[in-house]
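The chain that follows stands alone, in the form predicted alone, written as structure tokens.
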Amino acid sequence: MKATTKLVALLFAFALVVAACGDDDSADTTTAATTADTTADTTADTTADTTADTTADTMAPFEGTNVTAPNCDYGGVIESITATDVYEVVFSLCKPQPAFPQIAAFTPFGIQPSEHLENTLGSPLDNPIGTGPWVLEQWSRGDSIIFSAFDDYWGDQPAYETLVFRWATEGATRLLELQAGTVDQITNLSPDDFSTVQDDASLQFIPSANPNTLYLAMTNTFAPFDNVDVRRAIAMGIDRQRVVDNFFPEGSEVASHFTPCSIPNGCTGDEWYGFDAVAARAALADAGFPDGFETTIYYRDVFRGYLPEPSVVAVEFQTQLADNLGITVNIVVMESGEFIDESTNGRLDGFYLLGWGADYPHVTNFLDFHFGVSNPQFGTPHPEIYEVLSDAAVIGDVASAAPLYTQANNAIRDLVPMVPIAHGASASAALGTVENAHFRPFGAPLLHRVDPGKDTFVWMQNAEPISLYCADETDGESLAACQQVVEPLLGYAIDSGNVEPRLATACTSNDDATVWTCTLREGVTFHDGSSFDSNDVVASWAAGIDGRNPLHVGNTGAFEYFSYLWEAVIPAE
């Protein structure tokens, strides 16, 4: 811990101790004043003077911390974050952000103790400390994660003592474990197993309303994907309806736009290209590739709602690209963490299969994240897209923003940074004995709200978390585990995208949404016994948003959600 940070922590601790003593001093003063009525005036004066001097000498003001950008020229949204009082934090923004509550409710913006971030040198990858209903007990890599109920949780206590996370990549394996009763709830049923669960009276079928998109991606810094005519030919040469019909469950749909239509302004503008193999082959020839070309398609073997059974879907794309466009594709399976790192940083030289499940209920979650100026995923970002999105993001009224989102969606269609394939229907399942089993539209289930009717609840998901420091992770498996331990200022309701209080009782803005003031919940305790306050909020956000901060370390160091959702991280220099 640096000397200056130690000093701030000591002063703050000292202030809390003295504040408590101040209450005692007030009681003593009242007693002295009452006693003074029956004693000499000189005694009363002496007592009053002594009390006043002691109070003046011992009371210390709150020492609030802050993070401040040198100016707004760095391109990001955050200008400053300041702890203005023990239970108040003010976010000053470089431009309006009406969606601040929806973004701030997202798991990567969870709060950990400032001291813990310092002690772990900004990298608490496998030992998070939060305020949530569950305390991490043990992570046995490759096997399971065990959590115990937090007795001092500020909210509703779990109905059971132990939560266990397990994982299996195959949908059939997860279902067999559920049928055997060795797990209590599973994620992402295979499409072929929907009817099996629905027909089994001992199980619960739980549809997921989470909006999602599967897309076939390309990176424009690698040839031949640097040629927009090649990308347009590919867009026409994929039979997306065939993919949905053969590999997705009932209720799925071909993507007319990148963003699902359930998100306001997601589907403004022209629909995506229709399938036309003859026109696609001719367009590819006109672009200089009459005989196609050879490349690779990458994927990770992780079952997701937007990509059921990824291995067979990858083969389908391999077949279609060869048959419809003459493109020879080699298939490469990558480890999940490596795949996310390489793909989202624009380092894969071929096609790759990836998708997106909504984190919060706003079109910026789909468009700004993927096509913003800071995202290198598809190669060099397009100003025709990101400049329009930047203008649209500051407009709070859906109707007023619609013309700009129409322009942005049409630019995405014209420039083809990727090909949107499908919006997948998905479902999870649970034992029939589990009460309040659910799957939220936004975020993983609130597992302290379920009741398995026994002391232990076992949750089985698609893959092992990459780490448990979700300020610097993007995969859903990591976020689901982090969510049990670490809480943001706000959160999403169990049955909708509505924002609810969590560690903040409220976050309110000025008239133009450039200043957001969050009032914090009092009396909240971290898992290590320390008290939650505004300095912890500043420290947690600063570790992600401030590249100058020595705690800006994380796992990969990308802090992608901080970078994309707030448009840029404050640069180190």
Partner chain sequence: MTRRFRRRMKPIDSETSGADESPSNAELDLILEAPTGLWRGAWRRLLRRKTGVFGLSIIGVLLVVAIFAPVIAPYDPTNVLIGKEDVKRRDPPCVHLLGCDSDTPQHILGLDGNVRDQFSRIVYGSRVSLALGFLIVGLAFSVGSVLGAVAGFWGGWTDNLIMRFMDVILGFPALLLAIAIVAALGPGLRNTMLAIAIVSIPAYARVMRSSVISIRELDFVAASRALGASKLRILWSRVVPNALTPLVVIGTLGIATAILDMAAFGFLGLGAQEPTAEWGSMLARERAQVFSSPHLVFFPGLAIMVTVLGFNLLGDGIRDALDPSLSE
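It should be emphasised that the depicted structure is a prediction, and the values quoted were computed from it without experimental measurement. Numbering follows the first chain given and starts at 1.
One more form of this protein exists, namely the form predicted together with the partner chain; it is left out here, but the text below deals with it.
- The candidate spot formed by 246, 309 and 318 lies fully in contact with the partner chain in the predicted bound form, as each residue has a heavy atom within 4.5 Å of it.
- For the options 347, 95, 454, 242, the residue carrying a heavy atom within 4.5 angstroms of the partner chain in the predicted bound form is 242.
- The contact with the partner chain in the predicted bound form, taken as any heavy atom within 4.5 Å, belongs to 192 out of 192, 384, 137, 500.
- Of the heavy atoms in residue 331, some are within 4.5 Å of the partner chain in the predicted bound form.
- Checking 441-449, 426-434, 472-480, 318-326 against the partner chain in the predicted bound form, the stretch whose residues place heavy atoms within 4.5 Å of it is 318-326.
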